[in-house]
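Only one chain comes next, encoded as structure tokens, the form predicted alone.
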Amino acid sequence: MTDQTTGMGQTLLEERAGDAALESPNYDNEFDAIVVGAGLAGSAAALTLAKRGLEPLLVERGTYPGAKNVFGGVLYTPTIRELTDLDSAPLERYIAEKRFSMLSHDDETAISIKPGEWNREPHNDSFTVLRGDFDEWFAEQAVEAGATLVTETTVTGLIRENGGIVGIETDRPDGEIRAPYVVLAEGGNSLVSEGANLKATESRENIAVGVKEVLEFPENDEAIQDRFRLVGDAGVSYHYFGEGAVGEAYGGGFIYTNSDTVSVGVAYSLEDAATKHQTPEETLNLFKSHPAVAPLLRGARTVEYTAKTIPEGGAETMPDLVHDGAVLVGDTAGLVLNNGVHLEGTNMAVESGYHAADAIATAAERGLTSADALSSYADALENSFVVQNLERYGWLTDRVEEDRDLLFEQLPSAVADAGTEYFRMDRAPKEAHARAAKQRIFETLGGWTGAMKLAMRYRKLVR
């Protein structure tokens, strides 16, 4: 599919460029819009533009869409389902169970959620995927709708005229390409947007570093089904917190099951990576060796290792989404939600790409390219679940950072000790063990007063 899709785009570009295509191609104003980046946000934008009757150019720097895209492993598909038919999509497993574990140095205290409804279509629109496969498929849907895809092309800058964005600069021969609109879907490492002063460089306090390995079990074909208690296409999403997951850092670990592999990784504050001298590789290896994690991965072999930065500044650090002739979407716009319970970004990326393209199509009907003409994108996103969720949990990151020692070190140990005490088998009465377990928790929280204060600090989570 990669060669075919790239070839289609290259052939069309050469036809449009004329006889001198191979020597000095000129694609100026041959497209209605240029989309920079064929990830989820970019392909959603290109697909929507094509369905609205426009001709978008989708530019990807990798050898194929998804070649350079990294994420934990769960794709949320409500908007994708609205845009295209998912029947042929390369989905790995649907999420049938979510598990949240607090890890101390060598203990685990966990809660598991397995609603029966998740086993029925559309499976809560939550699936594990491998981005190299899925992004390539999703870009193909845009191509089939009328978009042109060009790969192995790096966008190096934007073209401005009269204060507005009118195209892109690339590393291709005679690499300027002009179009009335540019969609910037370049991901969290937004060098083009930052270089054009469309967004500020994010401080490291608002960025997480994520590393992930994809593991296979060469000697055990049934390892995934047996160890995660899976039937058919069901899969799991396991999330881990506490010092046993990421040491002294603020963050967590994860395991997601794919069809024949598992994705395992950690994500934690870039500030902690810099100041606490925890390298991503060391942190991931420590997590994989934890007594609660190691048995799940026993006998596995690494087949892929990837890393990325993750914007976590929330609504307060979102850049301006619209400019004269350009819009920002997905990770470029900082659209990631990570509050420890909800870890989302794929659905936000697709939603932003859809709304951005819709605004461009409407502006194109009027022949307008100004930021005011594109402002319906920002308005639509403001009224969508994307910004509403970011605003709802915007306070949480700061609050958790203030309580990090309690939440990530003291409390996991206290909960593990309390569980050990509560279920201890000896000749003492159960009442004595229950009393000792409660005492261990309350000592950590600061008694009833401390427990009530902590509950009040996080009451917005359940409001």
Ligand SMILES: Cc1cc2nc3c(=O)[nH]c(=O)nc-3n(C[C@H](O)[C@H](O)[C@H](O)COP(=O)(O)OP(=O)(O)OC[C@H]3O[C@@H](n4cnc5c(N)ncnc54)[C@H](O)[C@@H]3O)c2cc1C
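When you see a residue number, it is the position in the sequence shown, counting from 1. Owing to the predicted nature of the structure, the values given are computational and were not obtained by experimental measurement.
Only in words, not in the display: the form predicted in complex with the named molecule, which the text now covers.
> Can all three of G37, R131 and A185 be found with a heavy atom no more than 4.5 Å from the named molecule in the predicted complex?
Every listed residue reaches the named molecule in the predicted complex, so yes.
> With the named molecule left out here, work out from 399 to 407, 63 to 71, 45 to 53, 423 to 431 which stretch has heavy atoms within 4.5 Å of it in the predicted complex.
Among the candidates, contact is made by 63 to 71.
> Does T346 make contact with the named molecule in the predicted complex, using a 4.5 Å heavy atom cut-off?
Heavy-atom contact with the named molecule at 4.5 Å: present for T346.
> Closest heavy atom of D331 to the named molecule in the predicted complex, within 4.5 Å or not?
Although the named molecule is absent here, D331 would touch it in the predicted complex, with heavy atoms inside 4.5 Å.
> Y181: heavy atom within 4.5 Å of the named molecule in the predicted complex?
Y181 lies outside the contact set for the named molecule.
> Mark T317 yes when one of its heavy atoms lies within 4.5 Å of a heavy atom of the named molecule in the predicted complex, and no otherwise.
No, T317 stays farther than 4.5 Å from the named molecule in the predicted complex.
> Just to confirm, with a 4.5 Å cut-off on non-hydrogen atoms, which of L296, I255, V387, V192 contacts the named molecule in the predicted complex?
Of L296, I255, V387, V192, the residue with a heavy atom within 4.5 Å of the named molecule in the predicted complex is V192.
> Looking at W137, Y250, Y76, F228 here, can you tell me which has any non-hydrogen atom within 4.5 angstroms of the named molecule in the predicted complex?
Only one listed residue qualifies here, and that residue is Y76.
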